[in-house]
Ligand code: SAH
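Read the single chain below, which is given as structure tokens and is the form predicted alone.
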């Protein structure tokens, strides 16, 4: 939203120092601003108590810190939380906070969005079926981390700076169709002087946007690359993921092979199990042939139901049968534990919704 004010969210220390100097203030004011934004998740200049009152008023007149507002919160039986967030232009996105097992729920993985909606239109995904409105600015992506952390601290009554341990770009949208903003947000999130989440704790999930994979290959980053695969032949993948018609499996696998060769980093392939669609022995056999030559893992995800979509999750014995076929075929396989499905916070369930009052 155009306000004429300078947006400070997303600026690094040196950029905030430059802002302070340009505003006729000492350079150290920029470092104070950085601390309040990234360490204290503050969006109001009036809360910055180590700045003189007149300075707070002045900054409020010329600048803004657009940390998204949490409109509504839903809490799953398993402790997963889904935040409906409102951006400055009143657009709505959803962000998910997932507790880690065995750690007293003191550490969380944050699933963040890169677009309002999604243009890919995957056949089984609620986000893709809800349409696309716009890309997020890089500071709006960063803002989800700060807004979620502040809300989590408030709800849990904890001031722990390390509540958010991992970031996954697996929320609404295709990150590589908003490539520059995604990469810039990663650098801000990774900055050890601020949010300080290590690159190896950051995952980017793509539906197979080959040009983005090629760019990431040259970035010299230590992030985890995840590919939403869901089918091991072009005929089925064309139907499930329309992007496959532009980048068929041959092109996608070539880009992944190059990524592995250059970075020597293991890639994760995500595979949503859809009953009667992609969970047969033939599907497992094709998947083994496709993935076994690569330095890669398979992450199996039993389908999470979406209202209005005609797909279903395989029964538990069929899920394990598919898992065992892959393991016996020599693949490294994990079975993702379902989190947040009861509040529509699981994989493929995020959508744009109207605002509502915040509630526990």
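In this text, all values refer to a predicted model and were calculated from it rather than measured experimentally. Positions refer to the first chain, counted from 1.
Another form exists, predicted together with this ligand; not displayed. Remarks below refer to it.
Student: Name the single residue among 124, 139, 83, 108 that comes within 4.5 Å of this ligand in the model of the complex, judging by heavy atoms.
Tutor: Flagged contact: 124.
Student: Answer with one of 272, 213, 287, 167: the residue that has a non-hydrogen atom within 4.5 Å of this ligand in the model of the complex.
Tutor: Of 272, 213, 287, 167, the residue with a heavy atom within 4.5 Å of this ligand in the model of the complex is 272.
Student: State yes or no: in the model of the complex, is some non-hydrogen atom of residue 297 no more than 4.5 angstroms from a non-hydrogen atom of this ligand?
Tutor: Contact check for residue 297: no, nothing within 4.5 Å of this ligand in the model of the complex.
Student: Tell me, yes or no, whether residue 147 is in contact with this ligand in the model of the complex, where a contact means a heavy atom of each within 4.5 Å.
Tutor: Output for residue 147 is no: heavy atoms all beyond 4.5 Å of this ligand.
Student: Would you please decide whether residue 228 lies within 4.5 angstroms of this ligand in the model of the complex, comparing each non-hydrogen atom pair?
Tutor: Because a heavy atom of residue 228 falls inside 4.5 Å of this ligand in the model of the complex, the answer is yes.
Student: May I ask you to check whether residue 143 falls inside a 4.5 Å heavy atom distance of this ligand in the model of the complex?
Tutor: No, residue 143 stays farther than 4.5 Å from this ligand in the model of the complex.
Student: Looking at heavy atoms inside 4.5 Å, which stretch does this ligand contact in the model of the complex, given the options 87-95, 151-159, 198-206, 74-82?
Tutor: Every other range fails; the passing one is 198-206.
Student: In sequence order, which positions of 150-176 have a non-hydrogen atom within 4.5 Å of this ligand in the model of the complex?
Tutor: Residues within 4.5 Å: 169, 170, 171, 173, 174, 175.
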